[in-house]
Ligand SMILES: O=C(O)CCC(=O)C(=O)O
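Before any questions on how it binds or moves, here is one chain, the form predicted on its own, in structure tokens.
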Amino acid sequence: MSLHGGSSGAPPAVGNAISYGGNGVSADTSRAVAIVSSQRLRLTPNKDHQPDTYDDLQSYFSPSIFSSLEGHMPPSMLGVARDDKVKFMQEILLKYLPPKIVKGHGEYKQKIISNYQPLHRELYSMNPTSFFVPSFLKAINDNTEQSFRSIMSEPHPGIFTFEMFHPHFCELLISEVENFEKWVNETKFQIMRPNTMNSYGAVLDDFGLETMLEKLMENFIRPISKVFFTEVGGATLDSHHGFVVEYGKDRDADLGFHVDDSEVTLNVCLGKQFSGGELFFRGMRCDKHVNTGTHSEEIFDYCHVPGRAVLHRGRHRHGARATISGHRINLLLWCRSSVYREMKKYQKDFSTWCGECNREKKEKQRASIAAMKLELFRREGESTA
């Protein structure tokens, strides 16, 4: 597969961008995870079931996650005590927390937060009216598919673009990141970079922006993903990895062909002045087909615009071409669903979104129809003989 098109030739290996920052969950918590019951979650939730209320629950996870997940629980567990439900669900949720929960990370993060002095404290709590453009905020408040589509473009299947952040917010966030990097250089503090593919940039969760980004995912990205990415857990996004990446002179030049460690990825260009750096997309793939060739209808290139968001499945293969001049900085939010990752273990057919699974399914259907026609002709021939 050529990165510029066609399906001929051997495809390049697709990288897997893995995060190694942290969300502040201790290694002790990770080790305490019990083996999840052998009972399987339901693929589709029980819409007639009224879930318990979890607002009073003291947990790392949002109460809304437990309410959402409860509908997917095995029927035999819907009537058990709330504490037993919590234990069952928490075991699943903890098992699928991102791999960035590493020994000592909690201490690492606390050391940063205790010593780094934020430049723009207004960024550290969610303030929708100052963060977002009015059109985006209205669409979210209306919370309908029609309202979302009214502000979105879908220039290629599964890729949505829309105006999202105020220019002033972009400027403040860039300034905050630059201030953090200045502190890192002055103190010679060794920080963890966003993932295994980017050598420049910073994990926003690590220096105090975790709560704000959690609200961004829960209240603004999850409602959209519930509509457009249901088949990959869009309605049950429950953890995130938030970071910025930087491209240009003395920084990363480009980004290799890869898939994200996410169900849904938000990518917003913050600025500054730059040329090049286009995203190139080459089709959605499950684990089995991640290195298969690209077909012409899957080829799509996107040019970044400051303040404009791109929303896509994490399994949509993509990369970034070289930033030719200037300095480009982007905000990335990898959104994950523990529910989807648990249920995915029992699935073999991902034809609702994997391009290759879909082609294989259609080919089997065509072969089956051809075989049926052949058998029908054979029987007709025997009856007239």
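Don't overthink the numbering: it's just position in the shown sequence, from 1. Because the structure is a prediction, the values reported are computed rather than measured.
Beyond what is shown, the protein has a form predicted together with this ligand; the following relates to that form.
For the three residues 264, 286 and 354, a heavy atom within 4.5 Å of this ligand turns up in the predicted complex in no case. Contact with this ligand in the predicted complex, defined as any heavy atom within 4.5 Å, is confined among 145-153, 239-247, 216-224, 130-138 to 239-247. Taking non-hydrogen atoms only, residue 334 approaches this ligand to within 4.5 angstroms in the predicted complex. Heavy atoms of residue 174 never reach within 4.5 Å of this ligand in the predicted complex, leaving it off the interface. Proximity of residue 304 to this ligand in the predicted complex falls within the 4.5 Å heavy atom cutoff. In the predicted complex, at least one heavy atom of residue 279 sits within 4.5 Å of a heavy atom of this ligand. Checked against this ligand in the predicted complex, the candidates 109, 72, 258, 313 yield a single residue with a heavy atom inside 4.5 Å, and that residue is 258. Taking this ligand as positioned in the predicted complex, the only residue of 163-198 that brings a heavy atom within 4.5 Å of it is 195.
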